[in-house]
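One chain is shown next in structure tokens, namely the form predicted on its own.
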Amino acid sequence: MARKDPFAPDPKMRFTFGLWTVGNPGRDPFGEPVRDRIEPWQIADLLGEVGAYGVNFHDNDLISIDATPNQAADIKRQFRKALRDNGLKVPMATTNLFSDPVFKDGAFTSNDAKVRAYAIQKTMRGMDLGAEFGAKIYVFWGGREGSESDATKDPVESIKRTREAMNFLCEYSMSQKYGYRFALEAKPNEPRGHIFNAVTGNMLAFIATLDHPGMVGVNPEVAHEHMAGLNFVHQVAAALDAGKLFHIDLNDQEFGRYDQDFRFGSVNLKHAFFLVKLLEDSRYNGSRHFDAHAYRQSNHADVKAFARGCMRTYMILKEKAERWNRDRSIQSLVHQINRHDRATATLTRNFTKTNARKLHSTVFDRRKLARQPLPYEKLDQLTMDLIMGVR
């Protein structure tokens, strides 16, 4: 009897892909498609075959922007059947507010009031569509919400317009009793030269200014933060600390490059390890969504290998994170470098006049403190040994 693969996709991980990911025909800014387009129900069949938990979509990934009502009904019928046949869920939906020429200068931040109104209308309809399929997370990525020249848009007014749109859509969701949680996705640039609310930290600050901040969180993406040269693990930690990690986009990216959307863990394996460890240690229970694309050179069979690879790498790193947490040598070093002193910690945990007076009078031997060993090189190498499979 064949042994079960310990790194096969686990339904508890809620691995999802977008229709736009495995359905990507391989087009790029310099080249035409290299793979035949496949229909949404065929994508569902593919994801069912590789063992995914669910599939997410932009409104127009599923239904063309120019579809008639009868065409839309037929597409939804076929897609619903494919979901049922493959046991797939739709945890998240979003709106395409960047592809159509009407959004050439933005959607919620357009200088044209009618374009802004159309963008909100389109999002409302996208929310209706997502709710039909049971989505409870709605992602907002402002791909065109930016500028190339600050002469063209007032950035303060642009943020204000975004706030007004989000407040309106929060109210719409509540009026329809959709139960959505909104997740805002940051990106520093591309396709615009500069995009407003460029990183996750910007989004966390922006959320606090909304009328209903409790229903709005973030959807950070590996590639987007790496494009800005940031440590993605730290961005996710900030979202977790704020209670705002509603969704996450997993992929990989070389620092300083265009948005590459590589297979998860295929470039920065050490970063991927610590990301998986953070998500698992924090007991994150949302979808683990792969917003990634197979290489342009891949055929449809290789796209399946890409999808399996994203999930397999996560499962392998999850096992390694568990091993890191129980490795005696590693944990001994962790204990050594984290010098807990209950009495001192009590003084600084909360301000009181008594604590301030005691802290004022405490004598610290700074030279002794400076001599305390911090074997970070040893700890990091043990981590590398574990990741590379020799420990």
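Throughout, we count residues from 1 along the sequence that is shown. Bear in mind that the values here come from a model prediction, so they are computed numbers and not experimental data.
Keep in mind that the form predicted together with a small molecule is not shown, yet the notes after this line are about it.
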> Do residue 141 and the small molecule come within 4.5 Å of each other in the predicted complex, heavy atoms counted?
Replying inline: yes
> Heavy atom to heavy atom, is residue 88 within 4.5 Å of the small molecule in the predicted complex?
Replying inline: no
>> Given that the small molecule is not shown alongside this chain, does residue 92 nevertheless sit within 4.5 Å of it in the predicted complex, heavy atom to heavy atom?
In response: yes
> Quick one: is residue 185 in contact with the small molecule in the predicted complex, heavy atoms, 4.5 Å cut-off?
Replying inline: yes
> What stretch, of 264-272, 159-167, 215-223, 106-114, brings heavy atoms to within 4.5 Å of the small molecule in the predicted complex?
Replying inline: 215-223
>> If the cut-off is 4.5 angstroms on heavy atoms, which of these, 133, 206, 118, 98, is the one near the small molecule in the predicted complex?
In response: 98
